[in-house]
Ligand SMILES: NC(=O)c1ccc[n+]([C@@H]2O[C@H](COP(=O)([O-])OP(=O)(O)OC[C@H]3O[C@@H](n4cnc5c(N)ncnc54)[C@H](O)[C@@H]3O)[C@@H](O)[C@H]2O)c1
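Next up: a single chain in structure tokens, the form predicted on its own.
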């Protein structure tokens, strides 16, 4: 089997961490990114290493996808329009950059005989009415074009299983860690709050801060991808929650970041943001059973990696 793996969205936060981990394990990595959101600085560690190649391309082009998939054994598809506000402003772009890219890549995988396709799916797919903790069979009801495009992408992964492309949909919850841009308009609040606290600025909180999230460190997300890549059992298009199974209130998160930064912050409370929901907590039993996945990085240790990275890169 080829040891060449394609990573899309490779210059992004999660994609670049995946590239480093794959290279560490002896894989050759073909990295692709259109740099609309990703940054080449995230790939400094990967560039120049044996087996790494970077392609500045747009995977919404089917011909590009077909060329990228030649000779690869697996695709780790991270590319997407990952901003909820941007998807609300431009739903067509959200669909093109998320669902259309998934379709074109899957078609290329089928043509090129790629054996495994791992999709960066999202917990945003779940209904606000679904029972917590959220199981993979909970009600799906996307609240934004971003979430709808992620749901469509999952359906394409499942459809292509019947056409010879084995895959899985890894439903990331709120991923954080080093390289997560504080300039992001969405994703999660940890990098933005950490940057503001370090700079002595004021925090903007949508709502009263009692909303809860399941924050998962990027090291755990990378490990989940590697477990899914390595498993010899067919994945059959399964959807899997990738999270910790622990909830954290936003107010408690702020306190934890303040403690690590050793400074307090003033907080502005703003109206709730359209497209968000109040609580999000994962049931991780299926990922544990099928992949042997269990999150290992505590929130306190994870916040420390973000604070230390921001201080060192300032």
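Numbering follows the first chain given and starts at 1. The shown structure was predicted, so the numbers you read here are calculated from the model rather than taken from an experiment.
One more form of this protein, predicted together with the named molecule, exists but is not displayed; see below.
Enquirer: Non-hydrogen atoms within 4.5 angstroms of the named molecule in the predicted bound form: do 126, 154 and 240 all have one?
Expert: Zero of three within 4.5 Å in the predicted bound form.
Enquirer: Heavy atoms, 4.5 Å, the named molecule in the predicted bound form: which of 160-168, 202-210, 73-81, 231-239 makes the cut? Say which one.
Expert: Looking at the other structure, the answer is 73-81.
Enquirer: Whether residue 60 contacts the named molecule in the predicted bound form should be assessed with a 4.5 Å heavy atom distance threshold; does it?
Expert: Yes, residue 60 sits close enough to the named molecule in the predicted bound form that at least one of its heavy atoms falls within 4.5 Å.
Enquirer: Residue-level question: is residue 87 within 4.5 Å of the named molecule in the predicted bound form, judged on heavy atoms?
Expert: Contact check for residue 87: no, nothing within 4.5 Å of the named molecule in the predicted bound form.
Enquirer: Is the gap between residue 34 and the named molecule in the predicted bound form 4.5 Å or less for some heavy atom pair?
Expert: Residue-level check for residue 34: yes, a contact with the named molecule.
Enquirer: Does residue 101 make contact with the named molecule in the predicted bound form, using a 4.5 Å heavy atom cut-off?
Expert: Judged by the heavy-atom cut-off of 4.5 Å, residue 101 is in contact with the named molecule in the predicted bound form.
Enquirer: Considering the named molecule in the predicted bound form, which of 174, 115, 144, 132 comes within 4.5 Å of it through any heavy atom?
Expert: Partner contact (heavy atom, 4.5 Å) among the options: 174.
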